[in-house]
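One chain comes next, on its own, written as structure tokens: the form predicted alone.
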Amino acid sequence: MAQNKIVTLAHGGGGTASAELTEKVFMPALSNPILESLSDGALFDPPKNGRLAFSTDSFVIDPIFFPGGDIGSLAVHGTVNDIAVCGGIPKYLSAGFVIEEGFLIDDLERIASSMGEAAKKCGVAVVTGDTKVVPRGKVDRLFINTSGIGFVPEGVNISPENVKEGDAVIISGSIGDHGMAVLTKRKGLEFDTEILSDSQPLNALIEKILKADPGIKMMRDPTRGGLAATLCEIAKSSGNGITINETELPINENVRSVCEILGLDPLHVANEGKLVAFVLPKNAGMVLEAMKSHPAGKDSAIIGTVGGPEAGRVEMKTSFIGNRIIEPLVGDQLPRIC
């Protein structure tokens, strides 16, 4: 690999160059007993009890390195979190790479290493994968797809159908950090204090939540479209209105300031390390305490309740007099954010 500083079309041809890419870049970073067989698929035992959870996601973020993370760790965190908010215990991931010819080998090694470190921290294994190389200009540097499998314990039932009037709405921390970190890096904007992405795994936090309240109603990680899109989806799916309080929303002051400068609404900005939970009102204090006991949930807050507006609608009690209707955006105000 020392002779090849960039990825070439030969690395995607299935020959010795492909094998070298796997052996020198991906295996050292992602190695585990299942992956080491280098089979076309991964074999593992299903759970004896409970159910399987499965999720897939593709990551096309620009830039691929951003304050607080990179496309590699993000790809792991994103799929791990999607499994975890379903109530699943993430176990196995696949990773597919679409690489533009000319991509730096050093950058690919850095990303693979980041994925390996993130997987280890999450307690998951990347057990199968694939690499494709396309000509220059046919893809923007690097795209990654990750799919994940997890095991849902018996008795855990996460669904928007469980959400009922009176339930408390809890957010696990400040909103908009990821989107603003990526945007400021992309546009070359500099501020006195750097905004960092919140990209992080949530499975350990969710384990604490489920211990505190195994009957948790619903969880979702508000990624693209931000908290607004997530709440609107759940309101529509559950057939309930949702009311949130503007004064209770945790927002980093730097994020708030940048959003004001750029004319953006933090409610619509993506997150990659936060979750929103719906719980029985009698359990809200207990769940909030459990969330605050974990670093990923130290800034958790109860931000509202189910009920108030008409069915399927989300409203926010503003810091002034009156309510504001919250609606999802028609398009994406920040494209390629994950």
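Remember, it's a predicted structure, so these values are computed and weren't measured experimentally. So that there is no doubt, residue numbering starts at 1 and follows the sequence shown.
In what follows, reference is made to the form predicted in complex with another copy of the chain, a form of this protein that is not presented.
> If you check S114, S94, S174, N254 against another copy of the chain in the model of the complex, which one has a heavy atom within 4.5 Å?
Partner contact (heavy atom, 4.5 Å) among the options: S94.
> Identify, from the list C259, L210, L108, V152, the residue with a heavy atom within 4.5 Å of another copy of the chain in the model of the complex.
Of the listed residues, the single hit is V152.
> Find out whether any non-hydrogen atom of L196 is located within 4.5 angstroms of another copy of the chain in the model of the complex, and reply yes or no.
The answer is no: L196 has no heavy atom within 4.5 Å of another copy of the chain.
> With the partner left out of view, is F103 within 4.5 angstroms of another copy of the chain in the model of the complex by any non-hydrogen atom?
Contact with another copy of the chain, no.
> Does any part of G241 reach within 4.5 Å of another copy of the chain in the model of the complex? Heavy atoms only, please.
Output for G241 is no: heavy atoms all beyond 4.5 Å of another copy of the chain.
> How about S55: is it within 4.5 Å of another copy of the chain in the model of the complex, going by heavy atoms?
So S55 counts as contacting another copy of the chain.
> Just to confirm the contact call: exactly one of 288 to 296, 65 to 73, 34 to 42, 303 to 311 touches another copy of the chain in the model of the complex at a 4.5 Å heavy atom cutoff, so which is it?
This holds for exactly one stretch, 34 to 42.
> Check, residue by residue, if N162, P250 and R324 all come within 4.5 Å of another copy of the chain in the model of the complex, counting heavy atoms only.
None of them does, since no heavy atom lies within 4.5 Å of the partner.
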